[in-house]
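One chain is shown next in structure tokens, namely the form predicted on its own.
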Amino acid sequence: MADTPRPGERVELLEIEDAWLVDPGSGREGQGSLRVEDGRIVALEWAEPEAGGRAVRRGSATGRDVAAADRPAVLVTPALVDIHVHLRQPGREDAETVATGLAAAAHGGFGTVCAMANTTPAIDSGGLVEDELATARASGSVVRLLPYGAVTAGRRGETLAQMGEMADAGAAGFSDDGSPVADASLFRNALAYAGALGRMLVEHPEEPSLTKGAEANEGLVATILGLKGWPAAGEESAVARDLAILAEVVGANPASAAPHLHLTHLSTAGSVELVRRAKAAGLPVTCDVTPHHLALHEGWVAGDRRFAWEAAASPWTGGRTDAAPYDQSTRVNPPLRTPADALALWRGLADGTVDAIATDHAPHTQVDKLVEYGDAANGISGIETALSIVLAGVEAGLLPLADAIRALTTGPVRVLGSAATAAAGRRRAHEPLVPGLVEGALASLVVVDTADTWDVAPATLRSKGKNSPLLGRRLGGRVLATVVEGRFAYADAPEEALAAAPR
């Protein structure tokens, strides 16, 4: 038996038979097999119909009529794309480095990640963008890194950063994430300037005057635990402001380059509804949600370990819990909301209001987390558990599998836009970020055993950040391999073992 392939090693031969293939680019989903030789997909076969209806006709546009229990256990999709991660380098290499963050991404099935600019110093110049890209190349990882540049100098919210210089250097967009651009005039100017550069503005929607000192979602759970509440209005008022300014910029400059506003980590039903209405009005806005806001809820702060869809009928009101309360790993910005909010996010994915699932991977050290709950750093180390959480929601019937994979692949790429992806320092600008399952294409894919499980533990996480409320939990969906542009980014088993498990 061959040794487990090393990261960066070219895929000489990889055969996957009797798998469930999902290709969002072509809209195909069904049973089939593929063969990779010398880094390229040389054979792709969609199965013919079988008795019992398990297989999908070759070339069929959908396999949604096939029950999950009747699908082969091994799932193959294009490598995933994450448009919101925090890699901490430079400045906080004790929490994460580019190398460890990219290794964690590969373990989670991601072939491309977009890194936020809230490092120390903030990525606010062309030189710092170039340094980040160079650090990614030096890491040896084949996972693509697309950096964002800061909107304001030093992320201080006072003056615009060198946005043109950063776009030329390869910035995929601009964001002060970790904090909003609170000054409305500055936000308006940044939105127009980013549009002129062909880049999106990624905004962290928060009204600081409503969230100062907040510790958990405003409601019964926070009241019982004695924590200061973070109201839904703290997010929704900021979303409303941003959309109003976007409408004004578009209306005032109809002949200029259209701005593109992207609202990240939306967490409330009200925010999703505001975006739904804005899209119906034709505004150029996109948004994403995180796996933890889809699956977790405010009860987790109190020790309730049910997923949101399990708690929807009977939210936590002070009864028994599964874990100790005040787990600092549940402290995140925006906070974990109600089960009803989580279900609204799933509905937003289902109807197309929400464009992408983004992890907001936020690793922290124990020093920054193991303090009083209200003093703990915000964020969850979540890029390695994201796919498993999303697949759990699919299994619960909240979203078709094809739509979930689309939100993790082609959805994020459409958010980025062609101008951003072409300028983001990729080695092959003519190659799409999600090449799809296509004969002749360089293989960029993830292979997942949906019938297997894995334990979330400090030893199993590649990230330096172990701050996950899922520690100690067994999740379904074990990533067997992540391949990017014909090379292994991650492999969990010898190549011969990467065949479909028995149904």
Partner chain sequence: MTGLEIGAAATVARAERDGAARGDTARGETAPADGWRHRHLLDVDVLSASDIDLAMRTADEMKEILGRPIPKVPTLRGTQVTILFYEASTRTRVSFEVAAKNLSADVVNIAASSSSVTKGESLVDTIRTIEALGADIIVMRHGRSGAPYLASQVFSGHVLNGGDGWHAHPTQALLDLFTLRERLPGGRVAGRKIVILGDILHSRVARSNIWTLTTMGADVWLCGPATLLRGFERWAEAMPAGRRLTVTTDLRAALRGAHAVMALRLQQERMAGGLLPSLREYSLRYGLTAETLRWARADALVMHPGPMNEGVEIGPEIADFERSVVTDQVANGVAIRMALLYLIAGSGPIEEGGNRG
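Remember, predicted model here, so these are calculated numbers, not experimental data. Positions refer to the first chain, counted from 1.
Omitted from view is the form predicted in complex with its partner chain, to which the following refers.
Considering its partner chain in the model of the complex, the lone stretch of 238 to 246, 224 to 232, 137 to 145, 304 to 312 in range is 224 to 232 [heavy atom distance within 4.5 Å].
Checking Ala350, Ala396, Ala153, Leu370 against its partner chain in the model of the complex, a heavy atom within 4.5 Å turns up for just one residue: Leu370. Taking Gln328, Thr410, Thr100, Gln162 one by one, only a single residue has any non-hydrogen atom within 4.5 Å of its partner chain in the model of the complex, and it is Gln328. Shown alone here, Leu220 lies within 4.5 Å of its partner chain in the model of the complex, counting heavy atoms only. Taking non-hydrogen atoms only, Gly282 never approaches its partner chain to within 4.5 angstroms in the model of the complex. When contacts are judged by a 4.5 Å heavy atom cut-off, Pro121 does not count as touching its partner chain in the model of the complex. Shown alone here, Ala252 lies farther than 4.5 Å from its partner chain in the model of the complex, counting heavy atoms only. For a residue to qualify, one of its non-hydrogen atoms must sit within 4.5 Å of its partner chain in the model of the complex; all three of Glu215, Thr317 and Ala324 qualify.
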